[in-house]
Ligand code: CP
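Only one chain is shown below, in structure tokens, and it's the form predicted on its own.
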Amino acid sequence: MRSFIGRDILSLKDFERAEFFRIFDVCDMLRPHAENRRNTDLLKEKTLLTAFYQPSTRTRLATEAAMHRLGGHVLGFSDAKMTRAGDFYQESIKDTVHMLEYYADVIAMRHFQQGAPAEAAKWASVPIINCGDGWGEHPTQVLTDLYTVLKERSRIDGLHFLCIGDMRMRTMHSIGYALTKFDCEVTLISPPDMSPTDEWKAELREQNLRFREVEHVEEAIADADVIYMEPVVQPDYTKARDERGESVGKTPSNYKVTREMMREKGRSDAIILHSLPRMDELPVDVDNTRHARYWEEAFNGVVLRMALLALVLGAVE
């Protein structure tokens, strides 16, 4: 297994199976700090810089909270318009990152351009962590999701994942790549104009992932151990921000999961994950059912990012 020290976390496509479990082991080691709301001094001499060119609530704050829990320091920006990268000069990723590397020991980046964190990694001498790049990938979110599955179901192998939403999304790409390393079956449900690309499906088949596509959630809900949801009503992830105004559509029933559906057709032990924010695809009355795990998912996001920061900065090996 490769060392994580100094490593960029850009994609789950090339992750080895053992690397997932190494991260999860470190999560368990550091978890008590988050549970007890107390900080350690594991990274007291290190600084994290968050370079967020797109809006974020959970990913940015969970990453920053993780660094604080480890005793480290945090600086950065959460709006590119407040930087030279987003004003009149439109400073290049190369110039921006080649400068930022002198300010911190690790950079967490979210960008509306697919491949931007990988481009940043070419010019930075410190690790780059991809916190979402356009329609590309979102490795820290999916590592969080799989850690949540492991904690809630005690395994990942042998489970049936039902993925509902826009298959062009970075989370869907990352979970597809990740599940190729586990013995899982996957069902994909998306609107026709948001369906998986032929290229992505070919990549999954090359890695022997067993998956199928269906048109309606009711066709697959009874088989699902893990229901993994994203909106089908959402912004364009290739833009820095969404400025569509008030014209927001409604989610067709094909892509919604309701409390009634879970009671009548879902498995009694099925869990629902959603990285949030949600639209109307997951009604709030599902929150009080035994299936909801997205709040645990949010907590685990801090734990997972604690583990990643500790690993890439060499606090644990």
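What you are looking at is a predicted structure, and each value in this text was computed from that prediction instead of being measured. Each residue number is its position in the shown sequence, starting from 1.
One more form of this protein exists, namely the form predicted together with this ligand; it is left out here, but the text below deals with it.
Between 270-278, 252-260, 286-294, 33-41, the stretch whose residues reach within 4.5 angstroms of this ligand in the predicted bound form through a non-hydrogen atom is 270-278. Within this chain, residue 173 is remote from the site of this ligand in the predicted bound form, having no heavy atom within 4.5 Å. In the predicted bound form, this ligand sits within 4.5 Å of a heavy atom of residue 141. None of the heavy atoms of residue 68 is located within 4.5 Å of this ligand in the predicted bound form. Though the partner is left out of this view, residue 58 does reach within 4.5 Å of this ligand in the predicted bound form, counting heavy atoms only.
Contacts with this ligand in the predicted bound form, taken as any heavy atom within 4.5 Å, map within 100-126 to 110 alone.
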